[in-house]
Structures are given as C-alpha cells and as structure tokens.
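Only one chain is given next, in structure tokens, and it is the form predicted on its own.
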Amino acid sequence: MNWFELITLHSPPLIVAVPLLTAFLTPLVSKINEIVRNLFVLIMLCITGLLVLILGYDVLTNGIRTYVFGGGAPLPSGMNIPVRIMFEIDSMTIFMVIITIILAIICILYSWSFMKDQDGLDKYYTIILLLVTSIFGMELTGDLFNFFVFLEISCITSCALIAFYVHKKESLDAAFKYIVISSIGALFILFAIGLLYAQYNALNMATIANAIQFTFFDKIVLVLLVTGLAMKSGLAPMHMWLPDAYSSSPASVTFILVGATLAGLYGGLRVIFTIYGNQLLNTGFTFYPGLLIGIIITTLGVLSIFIGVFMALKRSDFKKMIAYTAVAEIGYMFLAIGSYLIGLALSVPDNPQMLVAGTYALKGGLFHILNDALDIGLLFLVAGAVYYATKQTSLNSLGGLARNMKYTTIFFLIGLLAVSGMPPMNGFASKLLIYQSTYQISPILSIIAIICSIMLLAVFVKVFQSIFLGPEIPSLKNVKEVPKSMLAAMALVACIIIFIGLFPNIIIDNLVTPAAEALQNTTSYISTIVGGA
C-alpha cells in the first residue's frame, strides 16, 4: 500500500483529528508569534481540505466508505475494546464536509485582520477549531450517540463564540438564549436516542434503519429527533435564537455558525431519509406518515420564509436584517425537502411527474444549502467589514460608503443579487429549481417563494442605496477600505458564488445529484453498512 492509498484509507478520522490537534497546539504556537499562529491554523485547515478532497474523490468514484473504531480483535495485552464506533461516508456526507471546510478556511482568513485587535485570540482560534471539529464529526459519524456528543461540543463552542464580546449585554443575552434552546433540543435528541437503544439495542444509524418497525415509540422518536434538530437548524417557530446569535457575534464567528446550523439540518435529513427512509419514502396517494411529515415540513418552511422576510423589512440594524434573511433562506431549504416528500406521496402510475418534480425539489433544496452558506455568509462578511470601518451597524448611521469602500460595495452587490435569486449568481440556479419543482406540486407554494424573493431584493436594494449610495455621513468622511485579508476572504466567496452561478451544472452533476441519490437510496446505505458490519 503506497502513501496515497494509506492517506485515503485513514482520511475520515484524519479530517476530524487534524483540526482537533491544531486546536490544542494553537495556544502553544501563539507563544511564538501571532503571524506564525495565523499561518499555522490556515495551513492545517488547508491540509484538512486536501484530505476532504481525497476522501470525496474516493467516495464519489467508489461508493460508500466506512471506518471502524474499536470493537475489533483484542489488544496484545488481551484487553478488549467493547465500544465500536463507525464513520459512514456517502455522497451526502461529502457534500456537507466540502461546505464546512470552505467556511472554515474563509473564516480563519477573514479573522486575521478582523479580530486582530481583540484579546484572547489563542482561545478564539482554539474554540473555532473545536467547532469545526464538531461539525465534521456530526457529518462523518454513522452512530447516533456519537452524533449527539459532537452536537453537544458544537453547542458549547458556539455559545462561547457568540458571547465573545463579553462587554456587550446583547452578546451575553444571545449566548444565553442559544444555549437554552440548544440544551432543550439536545435533551429531546438524547431521550430519542435512549428510546431507540432500548428497543433495538443499537446506536448505528444503518443498523437501526434496518431493524426499525415504526412502532408507537418509533413515531415518538421521529418527532423528538426532528424537533430537536429543527431547533438547531433555526426553523420557525424555533428560530428565536438565530437572529440574536447571528447579529451579536463577530462576523467571522457568524460565518462559521452558518455551517453549524446547516449541520443540524444535515442531522434532520439523516433521520428522515436514512433512519426512517423505508417507512417514509414510499409512493402512492395514501395519508401515510411520509405525506404528513412532508406537509408539516413544507408548512414550517413557508412560515420561516414569511417570518424571515417580514422581520427583515422591519429592521434598521444591518446585521439583524441579514440574520432574519438567513431564517428565510432556511425556509427555502425546508420548503424543497417537504415538497419532495409530498411529491413522493402523490406519485402514482397515472401521475409520475410528481416523483420527478419531487426529485428536482430535493436537488434544489440540497443545492440551496451550499448557496445559502455562501450568500448569507458573504453578506455577514460585508456587514463585518462595514462595522470594522465605521463601528456602526444601524442603517440610520451609515451612508455614502461606496466612495471609500469600493471593493466592499461590489461584494455586497454580489451577495445582494445572490440571496435574492437573481442571475447570474448561484442563488438563481437553486431557487429556480425550487420554483419549478414546487410549482408542479402546488403553484401557490411557488408563487409565495417567488414573491418573498422579490421582497428580499427590495429590502437589500434599499440597504444598498442607504449604506453605500446614499448621502455621505460627515463623521464617516475618512472611512477607509478594510485590510487585504478581509478583502481576500470576501473575494474568495464572491468568486465561488459567480462560478457556481455561471456553471451550475458542474456542481449539480458532480455534488448535488450524487448527494440527492444517496439520500433517496436508503436500501443501498443500509446494505453497505449492515452487510459489511
């Protein structure tokens, strides 16, 4: 076995181990020099990114990969390791891991200058890396309790980062609200895992999916898991933590928090499609649980869109406005996922187009996960740049910044068009898929989605006029463009947005479609894991 094959074989644990090791080494490296520390963290994440690419190529080429910890032959001393944990990596996992590493690298690059004047940066980078580690763990693991452990690490580290500005009351309030909601959601998830373990004596997702009988307790578990993970995802009406947490955090923290939120959504997809897929993913027009779950998810998705858009209309704080927009964008993802379940239920031999429409809705929803992370993330980075240059976030205190912040203005315009679903940006491609597919299922859903996107465009055009093109505020006459590392981070996101917008089929064919097929093909996932266990 050559070195490349060896790295490929052990890439799943290395993707978690490298940022974890970096987290504990960062305080020591900080003793040398701040520049050395910053480069060290970025280089280690780039190495992690290379491991992600290696693993991704292997999985997309050869199929599902597993990696087993423990539970094997006795050690030389004769001691047995009874704990057996599995990482299970399919195309959906790779899709999410790629998003996470992109967000992590850009977060660190942006932090170099944005956080430069803050105290305790060795701890800051350590906690960022621990958060990234926990997100990777949530996405790679195939065991429910292991998922819960990584989820708890994610909640604790996220809370610490949200409260970074300890001298600001709103940051502490946001962190408290976040940890309370996260703790309640985590309790739901832990109780559900306990019920599953009591029934099936297993924690592995594929093993449970193979054995699940959809009993009364299994239905309770489904509700508990989906509710707990919906809290983590910021789905309305459980979104109350998200606007405060996103708007009160440093912009770099908000950028990676988007990844943590999407990891919660990923957990929900695993529950619905992988664990309960054989019970929920059936065709035929009967009022079965899959149809009911689809209707509930679609309804909550539409509710999230409405709440996000209308609350954004009322806000005068730049970051809070973007935070409510993030709620709306999460709604689009759930709208698409719910539409897929409804389309699957309505698909009968005389009406096969519903299954086709549902499949396109699922692809649109998954594609929008990537696009939302980039689009909302870019807007938060721009908001951070504006705050860095002016120390203001209120629209009433800003104006005429385009005169002195030309690059930041361009990046905001790109983010504005992308979030609003305007061509040729990436948001147009994913939202068009959602519009077309939901129209086949219910024209009303499609009309609502389009109207809300138009309203988002109107909101951000107003913001663009007010902040960047409006009359120059005398106190901001000497405002300068932000440092190059911040511009580089925003430019990197903007380039990815434009590339995806111009060539969406590259992403759809190579990442989105395999991810959607992995979720839909529950039988293949179960047989690969259980058959090889």
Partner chain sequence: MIDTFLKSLETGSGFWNPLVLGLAIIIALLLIYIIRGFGKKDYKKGTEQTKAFLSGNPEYSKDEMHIKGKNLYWGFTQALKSVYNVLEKMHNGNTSDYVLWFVIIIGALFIIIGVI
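Positions refer to the first chain, counted from 1. The model shown is predicted, which means the values in this text are computed figures rather than measured ones.
Note that the form predicted in complex with its partner chain isn't included here; everything after this is about it.
- Contact with its partner chain, judged by heavy atoms within 4.5 Å in the predicted bound form, is confined among 369-377, 416-424, 92-100, 263-271 to 416-424.
- At a distance of at most 4.5 angstroms from its partner chain in the predicted bound form, all three residues Met238, Tyr324 and Leu432 contribute at least one non-hydrogen atom.
- Interface residue remark: Asn505 is counted as part of the site for its partner chain in the predicted bound form, having a heavy atom within 4.5 Å.
- Looking at Gly501, you'd find a heavy atom of it within 4.5 angstroms of its partner chain in the predicted bound form.
- Within 4.5 Å of some heavy atom of its partner chain in the predicted bound form lies at least one heavy atom of Phe188.
- Taking the partner from the other structure, its partner chain in the predicted bound form has a heavy atom within 4.5 Å of a heavy atom of Ser466.
- For the stretch 307-344, the set of residues having any non-hydrogen atom within 4.5 angstroms of its partner chain in the predicted bound form comprises Ile307, Phe310, Met311, Leu313, Lys314, Arg315, Tyr324, in sequence order.
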